[in-house]
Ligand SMILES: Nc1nc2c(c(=O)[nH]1)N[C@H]1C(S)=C(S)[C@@H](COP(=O)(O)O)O[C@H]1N2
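So this first bit is one chain, no partners, the form predicted alone, shown in structure tokens.
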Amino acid sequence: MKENGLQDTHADIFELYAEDPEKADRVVFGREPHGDRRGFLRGAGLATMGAVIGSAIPFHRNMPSGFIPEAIAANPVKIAGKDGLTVLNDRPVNAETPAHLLDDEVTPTARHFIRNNGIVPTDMDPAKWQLQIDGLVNTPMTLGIEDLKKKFEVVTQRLTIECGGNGRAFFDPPARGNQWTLGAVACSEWTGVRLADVLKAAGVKENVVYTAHVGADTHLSGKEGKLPISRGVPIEKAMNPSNLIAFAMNGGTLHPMNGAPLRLVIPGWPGSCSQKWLKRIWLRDVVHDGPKMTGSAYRVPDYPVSPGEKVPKSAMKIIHAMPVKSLITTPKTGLSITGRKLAVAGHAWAGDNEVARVDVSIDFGASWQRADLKSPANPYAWQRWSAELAFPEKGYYEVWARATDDEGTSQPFAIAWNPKGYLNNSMHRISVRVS
């Protein structure tokens, strides 16, 4: 790839954004580093993008910085074992699931979203795989997958995983990063051993503050020893009995894009804490400072900010628990019906908390109807909700869903903006036309 343009296929666009977003804006969008923050297309960048798409873009001035046109994003990138996902990026691979395909109480493996930071390892042989437990432990250990099964209780749980950037596409002004809409969330059934049991067996020293996780994926640059991501959690969170070192998914092997053959599942917190292709867990006496732990990565301001406001790095705090949220999974938005009644349903979840209620509205929030809500199958499983709606007359309606957790916190209508586009838990809404 050359500085003055793209040379090969649409994959180069994604590569450029993964490695150097600001350079990508200059090359693809003709944007100067300190120019208009929305990065409008112009000059050679516009010509290049038009060539990739095969057409002029009349409204190119409205395209935000980092935007990948749908004609490119939707270009078929086949992912074996996945069905119906929308690919946002192909180097690294990132793909989300449309809301109406997330209706199952247990998310099928084929419809579990993909969030990668680096290049997937090529050798995923479970018979050879080894996990190292070291750092501030009394007894460092190296364990194969069969060792985990023999030495520790094997458990199966439904656990919700959500990317911290889910919903970033709706930020205005836009935030850089993968433009997730609604589908970077899933609740599959995971089988493995409790992380806490393994750490207890290794002997956690009294001065431990944080875990540090290392996977086998490699950095996009190809530089040997450079990690694409290495995050961790406070030791108190690590000892939660719902955290798993998982080697099975929905009764089968892990999908290669979801961390085969071994991964962490740290539910309730950003999915980035759930290291895939897990090779090492080490314990530290400081907050872990691996890739995607420092700077502004997976951090939000520690005070409310206005849209577009610049926030000093010193004011950015690490994201812990995810916020309360809900999703309408049936019907699909844009439905037209001839009757006056409609059954709607979906899921709700609330980070470290449980969802206490879900309400739905058909009059733009003027009134609310309480939905039926199931208890979670186990802690950290999302909860199924459903409601029967009655429309008073023909016309255009929006169905809004609002979840409230067991501490009384409800989803907002408006997005709480932050510079990195994290934690969007604004109410989900779909459109319905009654004739």
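Numbering starts at 1 and follows the sequence shown. A quick note: this is a predicted structure, and the numbers were derived from the prediction, not measured.
Same protein, other form: the form predicted together with this ligand, not shown, and the subject of what follows.
Heavy atoms within 4.5 Å of this ligand in the model of the complex are found in one stretch of 268-276, 125-133, 360-368, 204-212, which is 268-276. A heavy atom within 4.5 Å of this ligand in the model of the complex is found for exactly one of 108, 118, 301, 174: 118. For the options 195, 114, 159, 102, the residue carrying a heavy atom within 4.5 angstroms of this ligand in the model of the complex is 114.
Mapping the unseen interface onto this chain, residue 217 counts among the residues with a heavy atom inside 4.5 Å of this ligand in the model of the complex. When contacts are judged by a 4.5 Å heavy atom cut-off, residue 342 does not count as touching this ligand in the model of the complex.
Of the heavy atoms in residue 229, some are within 4.5 Å of this ligand in the model of the complex. Although the partner is absent here, residue 263 sits close enough that one of its heavy atoms falls within 4.5 Å of this ligand in the model of the complex. Although this ligand is not shown here, in the model of the complex the stretch 234-261 places heavy atoms of 257, 258 within 4.5 Å of it, in sequence order.
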